[in-house]
Structure formats: structure tokens, C-alpha cells
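Same protein, same chain, two forms; see structure 1 and structure 2 below, as C-alpha cells.
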Structure 1
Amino acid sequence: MEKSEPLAFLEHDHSQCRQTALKCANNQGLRLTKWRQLVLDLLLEDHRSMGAYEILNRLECNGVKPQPPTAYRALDFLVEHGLAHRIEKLNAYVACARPDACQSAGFIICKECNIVAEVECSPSSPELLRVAANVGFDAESTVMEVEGICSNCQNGN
């Protein structure tokens, strides 16, 4: 598979994605607590994005349903440590597709089926970064998202 192939659109062994993410989390010595684990599991179900409240509504542990801060804390943690990404356009979250090798990611978002394909790519448009550098701007984070209709949905699937 090519480096920047968007996994989400390809047939693949998705359980591998989950394995990789978990392994990666452990290797980093992160504290994957109960809620973080559960949230990550939900996100790792597939390559769709989930809103915080969709996650919250499905979160549950021994019959206990947590409050919003619990979901947001877990999400913040996962995003901060590169196990998940926030999709700004959707106010939603996806599991990182390549937590072992994620430097800078862009996202291809299908409006129809909500698949979010992660693409490892250089941060932002080169022009944008060049201009930022020119004016002495200290870039900390970048958002790269393309929204449209995926090939499957164009064909009415």
C-alpha cells in the first residue's frame, strides 16, 4: 500500500487498525484509563467520525453513564496524544488511522456516508506555509479538510 493511500476507502483488515492503535498507545507509556479506552474503542469501530455526544450517549461502564466532561476529557487526551483527530468542519472526532506514523494529517470527508479518510501529507498548502513563514508566523497546528462526495456515494451506494 502506498504511503498516503487513504485506508478508509480501501478494503482492509480493520482489526489491524485497532491493534496498531492500542500497541501504539502502550508503547508511548500513556495511561489508557477506563474511559479513554472505551472512547478509543468506539472511535476505532470504523473510519467514521463521531460527535462528542454520540460518543457520550454510547459510553457506559458497569451501567454507569458519564457526563459530558468525561467524554471531552477522554477526547482531548486522545487528540493530544495523536490517537484521535478532531474534524473541525464536523465538530467531530476520528481515530487516527496511523498512530504509529502520524506527522501531519489531512482529511477527506464524505458528506453522505460520513467516512473520514485520513491522508498523511505535508502540512497545508505550501503557499500558505510559505506566506506564514514570510511574516514570521509561528505555526502550531494546521487544519486540512476536504469535504465532498466519495466515489461510492456518487454511484448511489
Structure 2
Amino acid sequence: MEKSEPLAFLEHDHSQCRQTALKCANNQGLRLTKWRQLVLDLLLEDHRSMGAYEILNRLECNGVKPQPPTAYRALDFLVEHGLAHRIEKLNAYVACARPDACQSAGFIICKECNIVAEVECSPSSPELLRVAANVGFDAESTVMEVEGICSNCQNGN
């Protein structure tokens, strides 16, 4: 994947994000059930992070009322297949910005507007992994999340 500006902070056509995600799901032969599709559509509306209960509330406002396990199963499926990411710091989810080319991602999180920008990076710090290995720790994953205030919020936009 070519490194570029974080998509979330750029003006762009969100319908293109949706088309890319659906094409990626189709290419993987994934079965997007009604609930998976609804949850993915919510995550793709913008690049804000959303917790599971916010997703449930948004679905209910749209006239459907799933139980919490339904939303969590849909989110787990989307994360497992690279269509969404779980943002650990926020205990929330965001659609993958580039599901067709995502290798390893880090996240820039705006504390004001809750937009989460996905950036291609290696979240595995060689120093951290070296220390973990030296103490006999078998590292399975690392998470790179940077929290702050985006330029739009800094400028009052």
C-alpha cells in the first residue's frame, strides 16, 4: 500500500469507502448478513469511532432493534475479516479505511470530534518487542494509537 495522508481527515466521497469495502468483502467471498451490512454501513458513514451501544442506538433510530449480541457478533466478523478495526483506547470501532490494501495500521484519534484516521505503519516497536522477548514474553500483537486534537478542531472548524 502506498503511504498517503490519513483519509479520515481529508474531504472525500464516503460512498467510495463503502464501494471499496463491499468489493473487498465480495472478493473474499464473505457473507454480509443483514446485520453485518447495517453495522458496516454505519461505520462507513464517516470516520468517527463508535462503541457497540452507539451502534445499537443508531440502528434503533433507523427502525431496527437488534439485541447487543447481534451487534457484537457483526462487529467481531467485520474486524476478523479486515473491514473494521477495534480502537482499544476508546473501546470503539471504526471502518477500515483501505480494506483492500491494509497490512498493518496505526490510528490517530481526535479527542474532540472522535474522528479516527488510519495510517499505514508498523505498530511493532522493535525495542518493545526486544524487551518482551528478553523477559520471555511471547508477544502476539501490538496496538499503535495516538490521541490528540486534529487540525480542524484546533482551528475551530
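Counting starts at 1 with the first residue of structure 1 and goes up one by one along its sequence. Superpose the two forms; the largest set of C-alphas matching within 1.5 Å is the rigid core. Computed from a predicted structure; not experimentally measured.
**Student:** 1 or 2: which is the form predicted in complex with the DNA?
**Tutor:** That would be structure 1, which is the form predicted in complex with the DNA.
**Student:** Relative to the superposed rigid core, does Q67 relocate between structure 1 and structure 2 - that is, does its Cα move 2 Å or more?
**Tutor:** Q67 C-alpha, core-superposed: shift of less than 2 Å.
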